[in-house]
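Heads up, the chain below is alone and in the form predicted on its own; it's given as structure tokens.
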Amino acid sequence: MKTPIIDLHCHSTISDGLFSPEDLVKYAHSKNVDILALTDHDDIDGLDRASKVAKSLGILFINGVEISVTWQKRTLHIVGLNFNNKDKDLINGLKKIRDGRDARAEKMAHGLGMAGIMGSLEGASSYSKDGAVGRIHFAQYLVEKGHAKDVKSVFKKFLTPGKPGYVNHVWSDLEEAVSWISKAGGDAVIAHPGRYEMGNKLYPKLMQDFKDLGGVGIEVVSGSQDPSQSSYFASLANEFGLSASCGSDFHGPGISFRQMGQMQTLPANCDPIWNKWPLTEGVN
């Protein structure tokens, strides 16, 4: 029996991906993905569109979202999975975050303008298509205009602390994000923990706080963290009684670290988060 390919973290044009929700699902199908969650940043407008196509292609679709949070003055991302996407508190909470994103984009454009780069908000908006303007859209525009050779270089030169396009921003707090997801019937998961570089003291603190607030899982396997970190995060998941999740964090060809359908499998000692969901019964 074929081992199912499961991807519970990816993005469409609703946030900062290259493909529309429909085309993203079709792309996942071309990569033999069996179970897919669309997790756009702070936005769930693409879920119904993606779900419809997934059903037609025989892909099991999971509602998802990636919420930006501030914890201990650090920006973290919390993925919500398998929730009711009509829940009013979740919808209103995400809108509040997107409004903050819009204000941040205006400040970023002002900073870049002071550095002599004009028209960056309009340029970034041309890349955002369906959703709020984010840093990746500014980066794509700056590459287009020749200010850097690629997206990675843009971030180093313009969009990190101390650079002209960087804007410090306070997102929702961890308790709010976990509450929105939980009350909508979903499971909250810490996204790509390896990106946060917290060390052996802060990681356990995060896991305990997250667990105490009702958090359920952690991305043990992520396309945007080093595969060698999986064993460490598997051990943390087991220590704190958290389920394990996995996702490519795919945004599109050429701008993602990992391709869809080519993720490593979860370590054998993990408790996969999909074991909690009746709709995935029998999936190993």
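In this text, all values refer to a predicted model and were calculated from it rather than measured experimentally. When you see a residue number, it is the position in the sequence shown, counting from 1.
Keep in mind the form predicted in complex with ligand AMP is missing from the figure; the text below concerns it.
Contact annotation: of the candidates Ala105, Ala184, Leu206, Val151, the single residue with a non-hydrogen atom within 4.5 angstroms of ligand AMP in the model of the complex is Val151. None of His29, His41, Arg49, Arg258 but one reaches within 4.5 angstroms of ligand AMP in the model of the complex through a heavy atom, and that residue is His41. Contact check for Ile136: a non-hydrogen atom falls within 4.5 Å of ligand AMP in the model of the complex. At a distance threshold of 4.5 angstroms between non-hydrogen atoms, Arg101 is in contact with ligand AMP in the model of the complex. At the 4.5 Å threshold, heavy atoms of Arg195 reach ligand AMP in the model of the complex. In the model of the complex, none of the heavy atoms of Phe83 sits within 4.5 Å of a heavy atom of ligand AMP. In plain terms, the part of the chain that comes close to ligand AMP in the model of the complex, with a heavy atom within 4.5 Å, is 152 to 160 out of 196 to 204, 152 to 160, 87 to 95, 173 to 181. Looking at 69 to 94, the one residue that comes within 4.5 Å of ligand AMP in the model of the complex, counting any heavy atom, is His77.
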